[in-house]
Each structure stands twice: as C-alpha cells, then as structure tokens.
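As a starting point, one isolated chain is supplied in structure tokens, in the form predicted alone.
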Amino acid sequence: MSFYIAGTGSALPEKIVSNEDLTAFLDTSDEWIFTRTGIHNRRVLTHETLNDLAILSARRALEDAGVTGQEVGLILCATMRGDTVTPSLACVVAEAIGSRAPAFDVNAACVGVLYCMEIADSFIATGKADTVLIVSAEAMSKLLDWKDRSTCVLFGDGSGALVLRKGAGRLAGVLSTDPDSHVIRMPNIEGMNSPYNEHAPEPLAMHMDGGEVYKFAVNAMGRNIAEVCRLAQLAPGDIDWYLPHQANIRIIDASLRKFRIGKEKVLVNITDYGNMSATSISVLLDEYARRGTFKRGDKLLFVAFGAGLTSGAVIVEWGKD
C-alpha cells in the first residue's frame, strides 16, 4: 500500500515578464529565446514572498483534497532556498496551516517533488503517516545573474502543492544521481562577517554549461522513463499522460522522441511560466487537473532532471484510492 494523489494546488506571482520585457536590458529577442527554449513569459516575485506562495498553494491543495492541516502526518517542501535558512519553508507552512506534523525541506533541485513523492511513499508504506503534504516553491529570480542572458531568460517563480493519502495509486518510482558539482552550480554566500573565514564570498548566481545539461537531461529522462515503465510492468505507450520537467521544449521533445510518444500525451506549460525548478511539475499537474484533463484510471508519468545531477520518474494511476 502506498499513496494516491488526493488534491493539488498552486500559486504564482502576479508579475508577468515577457521576452520583450527582457530586451530592455538584455541583448536578446523574443524569437531568440522562444526558438531555443519554447518560453514566451515567466512569473516573477515583486511584492509577494516565497512564503506567501507556498502557504497559498498548500491551502489550495488541502481544500481540493478535503483535508485539514491537523490531518497531515508529514510536510515536505521541495525548494533550493526558502525565504529563511531556518526555519525551513516546511515549518513555515506547518505553522500557517496549523499542523504539528514532522516538517522539513528537500533540495534535489528540479527533481525535488519526485524525491518528496518517494519519501512520502516510504512514510506511508511503513505506517508513519497516512496523509502527506508536498509543497514546492522556488524564487528563481533571486538566484540569477540578470545580466547573463544564457540563464536569466530561462526561469520563473512559483509554488505548487499536492496532498498524498494512503492508497494504491503509485505504480512505480525511480530516483538517481549522476554526481557532478560543475555542470550546474550556484554558490552560497558564506562568512560575510566571520574574522576567521579565509574564502572570498562568491556572487550568488547560477552558472550552467548548457551543452552538458542538454546531453545529461535527454539521456537521464529517457533512461528513467524506460526504468520506471519496466518497474510498473508497462510499455511507454501505455502511459496516458507525460508530465515532464519544464526546462526546455527541445529537451522534452528529444527525451520522448525515441519512445514515439504522441505530442498529444505530453503536457507542457513552459511557454507561460518558464522553468520553475522543483515547482514546474506540481504547477503543471495542478493546471491540468483543474481543467479536468485526467480521468479515473489514467496513468500519469512524471519525469525530471536537475542540478546535482539528479533525475527521476514516478508513475501514478489517477483517481485510484
């Protein structure tokens, strides 16, 4: 016995930044960005905080599931950096929803939600929790060099959430890491006032080798799709809906091409939101769930890759409680 998805929610900043808006301070164009990434717009934090978005998406998911904060047995937050180092974002959410459940953050970059789903599976399978709240929240706009057009045009901010409850919806899951500390790297600010620190602080900004990321992403996503289908005793063609990490439309297309998956099965929203790191998959899920896209018994395959280098895939049967 594992879990089923009982509810979803999301919350996005009000500010929409278009590719044309970026031309005001970058040597770029809408055509240059869109043809290389599939992105037209992204959402960016202004007056909101990441805590605001995380709490709102959590409340929406709980409402969708018909669950109260007191019923939650575990809270997991997928994020690279919350508004505070401590308390964790998960503890901030717990306070807001009135929960005293164990709560902690998970940093697996863009694969964070899938890592959280597999952690939730372990807690539910061992009887440590019957209901798990997963929240993803990323403020990518605060982690970028806005003078670097190779990275800042790719990302957006947002939060998503899902409620998992004890049931038989999870069919299989696989997580993996190909350790690499250079291909995607974001240094931390350290020792700002320590008289003993001998290391000069590095600027807090993302550095990424785009060519290497592309090769890893296509190979890792393809490998994980094949493996998770094998574990679920399914063929890739048996999957009703693919929900891939929204990093780059070219990566999505290349990852699925060898499986001959029809584009009508592949859900995307990268055009409107860009890459929201761990949040991409949960916002994608909520958007299409609220449209009524999924019917009971549909098989959903989530697949993602991220810094670390992390990757993973999970198959869930929709509505199977």
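The numbering used is simple: start at 1 and walk along the sequence shown. For clarity, every value in this text was computed on a predicted model and none was experimentally measured.
The same protein has a further form, the form predicted in complex with a small molecule, not shown here; the description that follows concerns it.
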Distance check, Arg250 to the small molecule in the model of the complex, heavy atom within 4.5 Å: yes
Contact of Asn219 with the small molecule in the model of the complex (heavy atom, 4.5 Å): no
Distance check, Ser277 to the small molecule in the model of the complex, heavy atom within 4.5 Å: yes
Contact flag, Met208 vs the small molecule in the model of the complex, heavy atom cut 4.5 Å: yes
Heavy atom within 4.5 Å of the small molecule in the model of the complex - residue from Val153, Ile75, Ala120, Leu89: Val153
Heavy atom within 4.5 Å of the small molecule in the model of the complex - residue from Val213, Ile239, Val174, Ala103: Val213
Heavy atom contact within 4.5 Å of the small molecule in the model of the complex, the stretch among 158 to 166, 242 to 250, 128 to 136, 197 to 205: 242 to 250
